[in-house]
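Take a look at this one chain, the form predicted alone, written out in structure tokens.
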Amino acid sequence: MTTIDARDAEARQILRTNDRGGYTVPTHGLYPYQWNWDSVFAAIGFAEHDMGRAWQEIETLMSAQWPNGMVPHIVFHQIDPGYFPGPDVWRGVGPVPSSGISQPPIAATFVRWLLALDPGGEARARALYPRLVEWHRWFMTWRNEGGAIVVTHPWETGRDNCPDWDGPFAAIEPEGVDQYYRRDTTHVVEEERPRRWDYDRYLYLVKLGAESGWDEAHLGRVTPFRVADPTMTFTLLRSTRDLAAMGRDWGEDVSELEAWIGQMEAGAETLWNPAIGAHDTLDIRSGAHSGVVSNASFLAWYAGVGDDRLLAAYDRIMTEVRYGVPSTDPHHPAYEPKRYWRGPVWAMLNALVALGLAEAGHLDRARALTDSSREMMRENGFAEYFDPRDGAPAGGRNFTWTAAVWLAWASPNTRNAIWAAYI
């Protein structure tokens, strides 16, 4: 069995290997650009041994912010003609080539964590603060449905092909999508990636946005895909709490942020589905919940709105797999334990769920999830995701955010005070 110290060294080497000078790629080959929330997780990994590089990771990401405040989910710093869909398909309107959608806004929370680890970085955090406020304002202006945060593309959530999208996607006829070549299935076996049926609809939604010039007002009216999502709602709520905390420390007027927090706390309740005993997605077009308990459901504790109602679903699912938290409930008919977000375990989401459990007072569950995740990574390395039945690695290998959360959270050698209270 690989030792803890050897895994620590391997994780640092993965960050170095995936470093492109100011930003990291998720892994070589499969993902050749800077991805939004991947990059923010990378920062907390760098913080274990290179604080300056940690700050730089988020600063580089925020340099791609659009004039309307949106921070894109992919930044195409160096064009790779082998990747699809590239900047010519997205036709982003930011200061550097980028995609036209965002991703879970975890950055404000991670900036606050970096500041706690590095008080000398206050000037860098202060410089990021107004940009982060503008990003949050973009969400609250264009993606706010009664306080729940909606997405206009599954890729925006980071949970690309989870069963939550099957219902909304069934209502879409992907007309006008040109022939395309998928590079992802040349790096990862097809059974571990989204289906072509999904991909046709992904590209239809990209086409719809690009042809509108990413006009959010227009897309809000015409897109067939507008779904309130736990990932976005809970990460934005948590990040806004952390942004407001930093602002108060610096004497900023945080009344706008506090109003947003109140709205999202109310909106989170609209995602509660009593039929499954958990929060799930809500299709704004049809008014229907997905009926899927996902690992995103358990981010409610991380957002500060989780309560004991959620424990029954969590405990049931965790007894059904060797390694949690599976991205889809194993009892759901669409569960596929090796296909991307339809079943596998994602270590970086486990870190957020464990932190939320600890903050909510469920310390035994937080420690159990931390211990399980540590064992999974120590035995199977730093894959993109893992089979919940046996921990077998799946997807890409040598993955940045998996290595990062090992260094920041799972390794017993971590010096990161964020998680040190319960690991």
Ligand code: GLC
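What you see is a predicted model, and the numbers here were worked out from it, not measured in a lab. Numbers for residues come from their place in the sequence shown, where the first is 1.
Keep in mind that the form predicted in complex with the named molecule is missing from the display, and what follows is about it.
Chemist: Even though the partner isn't displayed, in the model of the complex is F382 close enough to the named molecule, meaning a heavy atom within 4.5 Å?
Modeler: It does not: once the named molecule is placed as it appears in the model of the complex, F382 has no heavy atom within 4.5 Å of it.
Chemist: Closest heavy atom of S102 to the named molecule in the model of the complex, within 4.5 Å or not?
Modeler: So S102 does not count as contacting the named molecule.
Chemist: Does D160 reach the named molecule in the model of the complex if we count a contact as any heavy atom within 4.5 Å?
Modeler: Contact with the named molecule, yes.
Chemist: Can you work out whether W35 and the named molecule are in contact in the model of the complex, taking contact to mean some heavy atom pair no more than 4.5 Å apart?
Modeler: Within the cut-off, so yes.
Chemist: Which pick from F110, W260, W301, W341 sits with a heavy atom within 4.5 Å of the named molecule in the model of the complex?
Modeler: Looking at the other structure, the residue within range turns out to be W341.
Chemist: Give me the residue from G356, G69, G391, P26 that has a heavy atom within 4.5 Å of the named molecule in the model of the complex.
Modeler: Only one option qualifies, and that one is P26.
Chemist: Please name which of the stretches 47-55, 369-377, 27-35, 60-68 has residues with heavy atoms lying within 4.5 Å of the named molecule in the model of the complex.
Modeler: Stretch 27-35 is the one.
Chemist: Even though the chain is shown alone, can you say which residues of 400-414 have a heavy atom within 4.5 Å of the named molecule in the model of the complex?
Modeler: Contacting residue: only W401.
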